[in-house]
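To begin, one chain is listed below as structure tokens, in the form predicted on its own.
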């Protein structure tokens, strides 16, 4: 490893370590973000839950009819998929602008930059908790029970957060320097939504065309790590392997990249 890369790694590690030492700041900011967004509203963040529930119901009926899939199977599938995708995509989209939105704080207060990534992650985790209320209602309505596999949700979710974290960190730096990249990332996530089995089930398409698409789509494997346990299924070994490898390779790149350009972020704001 070259001296410059070693120095970049050390600077990135120092920033992230200091951010975890001040994790209470990120959690406070996250709670305030959610509270301010729904201030003076009687039911607060549960408006998101209502909107999500209506969308899941509409998508379930429409796409279930198009693909001729029984609602007892399709509705829980699309419910878990949409909720998890909402968390994942919102974290990435908002992560692009995390440094830009916190520009005033970054320019006035000395604190680790990774706190602003943790802030976005935490507020979206809160919203995810609200939206997950929908899933037990859907499972009860269709008469399904996840069983013991549901305990795999936590390690799967932590692996998803671990992967989303490095993606957000890289995009936050890139989008601070090149503001147009925010729109590029958002458009990419919209296209990826339809390329990932969220509103369609892999079993509803020809197996020959599905297998190649799914194997090359890392977001499918990440979503499966959480969706499968919620639906009473154990994620495949390939899902775990890709999640772990993606996290290791991604964070190795993100740490060097972040450490190298971290000091330039205030000048780009």
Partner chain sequence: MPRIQLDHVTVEFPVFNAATRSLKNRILNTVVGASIGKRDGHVVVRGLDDVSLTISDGDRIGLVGHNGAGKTTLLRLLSGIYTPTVGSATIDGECVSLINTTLGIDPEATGRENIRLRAAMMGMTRAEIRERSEEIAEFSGLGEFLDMPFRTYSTGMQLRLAFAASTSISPEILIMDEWLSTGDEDFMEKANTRLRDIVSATNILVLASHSRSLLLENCQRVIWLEHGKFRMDGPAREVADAYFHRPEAASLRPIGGR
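Positions refer to the first chain, counted from 1. What you see is a predicted model, and the numbers here were worked out from it, not measured in a lab.
There is another form of the same protein, the form predicted together with its partner chain; it is not shown, and what comes next is about it.
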item: Its partner chain contact at residue 10 in the predicted bound form, heavy atom, 4.5 Å; value: no
item: Heavy atom of residue 237 within 4.5 Å of its partner chain in the predicted bound form; value: no
item: Distance check, residue 256 to its partner chain in the predicted bound form, heavy atom within 4.5 Å; value: no
item: Contact test in the predicted bound form: residue 25 vs its partner chain, heavy atoms, 4.5 Å; value: yes
item: Option from 101-109, 162-170, 77-85, 131-139 whose residues, in the predicted bound form, bring a heavy atom within 4.5 Å of its partner chain; value: 101-109
item: Candidate from 71, 126, 153, 181 lying within 4.5 Å of its partner chain in the predicted bound form - any heavy atom; value: 181
item: Partner contacts for 140-178, taking its partner chain in the predicted bound form and a 4.5 Å heavy atom cut-off; value: 176, 177, 178
